[in-house]
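Just the one chain here, the form predicted alone, laid out as structure tokens.
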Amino acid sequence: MYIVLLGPPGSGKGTQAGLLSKEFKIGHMSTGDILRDILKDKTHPLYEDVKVINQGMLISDELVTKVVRDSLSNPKFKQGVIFDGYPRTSAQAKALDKILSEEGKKLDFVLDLNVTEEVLLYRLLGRRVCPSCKKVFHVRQGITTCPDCGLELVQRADDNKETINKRFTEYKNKSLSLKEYYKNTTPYIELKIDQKDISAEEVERLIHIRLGEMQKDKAEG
């Protein structure tokens, strides 16, 4: 099974991807995590190209597609993939369709987490991450160290208001054609999220409701 998750940074893609990954027993490819690992290694051949992320900019379609294509060779993606953070433009979507088509595969559905800017600011300014296992927490939880790794939680360098606003605006502008492309080519589920404290479990429940509706429509159609 192959699934694309859409949504601006902080929309909860990573959390829902982890849940769906376990349920469908497929790999979770977080493009953001892959790129952050590159940013930690200044000797990496792609470091100079990728570092624009720290300025709130998106990297080129060609570069991120190369990163994704290379990552797909990992055995953990043999049974399928949840793409988290890719594609972000219609050009990337077409490139992904081509990559999958070459392997005789295609996307099963697209899940769009349409989160408002107000909710994103609340989530991201309070987000804290374990530097080891990447588990995500929020300051409202009152947790300062990872309960699994014992390491002190950190704030990502790009989790500041200026960068968040810049990334949100850029995401909205660049995702318009992407959403239209997928709405015309692939089974599409869109969830609008405008509540600050909606739980991951509630979002998961809503996703399953929509998946059930989609499968019912497909069977009846």
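These numbers come from a predicted model, not from an experiment. All residue numbers are counted from 1 along the displayed sequence.
One more form of this protein should be noted, the form predicted together with adenosine monophosphate (AMP), which is absent from this view; the next part is about it.
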Please identify, from 179 to 187, 192 to 200, 59 to 67, 40 to 48, the stretch that has a heavy atom within 4.5 Å of adenosine monophosphate (AMP) in the predicted complex. 59 to 67
Adenosine monophosphate (AMP) isn't shown here, but in the predicted complex which of Lys94, Arg88, His138, Lys135 has a heavy atom within 4.5 Å of it? Arg88
The one option of Leu153, Ile53, Ile164, Ile26 with any heavy atom within 4.5 Å of adenosine monophosphate (AMP) in the predicted complex is Ile53
Please check if Ser175 has a heavy atom lying within 4.5 Å of any heavy atom of adenosine monophosphate (AMP) in the predicted complex. no
So which bits of 12 to 42 sit within 4.5 Å of adenosine monophosphate (AMP) in the predicted complex, heavy atoms only? Thr31, Gly32, Leu35, Arg36
